[in-house]
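Just the one chain here, the form predicted alone, laid out as structure tokens.
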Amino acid sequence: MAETARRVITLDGPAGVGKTTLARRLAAELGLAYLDTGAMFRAVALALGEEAPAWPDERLAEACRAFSFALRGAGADTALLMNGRGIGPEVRSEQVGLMASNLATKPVVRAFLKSAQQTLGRSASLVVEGRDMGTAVFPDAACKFFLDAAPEERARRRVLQLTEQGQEADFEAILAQIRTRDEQDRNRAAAPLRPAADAILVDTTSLDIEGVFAELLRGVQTRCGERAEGA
């Protein structure tokens, strides 16, 4: 195992593909801590505000140094803390997601959070989900997955999720936001969204959660081999 981490399993993919639900469940199944790196970007974006991407790099770097992250617990009960406080549902809105995507285009922010994520990986074995975990942050991870689905299917799932939470959801607006985030994530200069060369690719468009989870377990138990069995 590389010195940068203990035992790490990465799940990468675009917005709305189900990474959070699946990573939490996989972490619970394997008894590992769960790290939602998207929540780190969202929390920083919310704290800094919508104008932050326009700031000079020096100001952004100084602002980022005010943030620290920690994990508490394991499995689905893992809590991500920023500056000692839990990151709550306020970061989960579509607006904050777009703010985070805008902020993620700034290399100075990505460098800060990459270092913070690698520090967490040295402190605990993880199932970690994000956009570039298997390519940039944990390139030597024991097992890597890249999840994808058609934008329309991801928008449909998001509408269903919001509706179940009692919130209003406009399919066309959500689809447009997903396409905007895809464009930013896949074409940014710093660590663009793409599968790692050794990632297991899973197209979730026609699979339900149970089907995708079965694919993840199969990958951990077979292709990832002995490296996925021990710390």
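Counting begins at 1, following the sequence as shown. Bear in mind that the values here come from a model prediction, so they are computed numbers and not experimental data.
In what follows, reference is made to the form predicted together with a small molecule, a form of this protein that is not presented.
Between 124-132, 156-164, 139-147, 72-80, the stretch whose residues reach within 4.5 angstroms of the small molecule in the predicted complex through a non-hydrogen atom is 124-132.
Put simply, residue 37 is close to the small molecule in the predicted complex: some heavy atom of it is within 4.5 Å.
Residue contact check for residue 104: one or more of its heavy atoms lie within 4.5 Å of the small molecule in the predicted complex.
Looking at residue 100, you'd find a heavy atom of it within 4.5 angstroms of the small molecule in the predicted complex. Residue contact check for residue 179: none of its heavy atoms lie within 4.5 Å of the small molecule in the predicted complex. Taken together, 7, 29 and 218 are entirely out of contact with the small molecule in the predicted complex: none brings a heavy atom within 4.5 Å.
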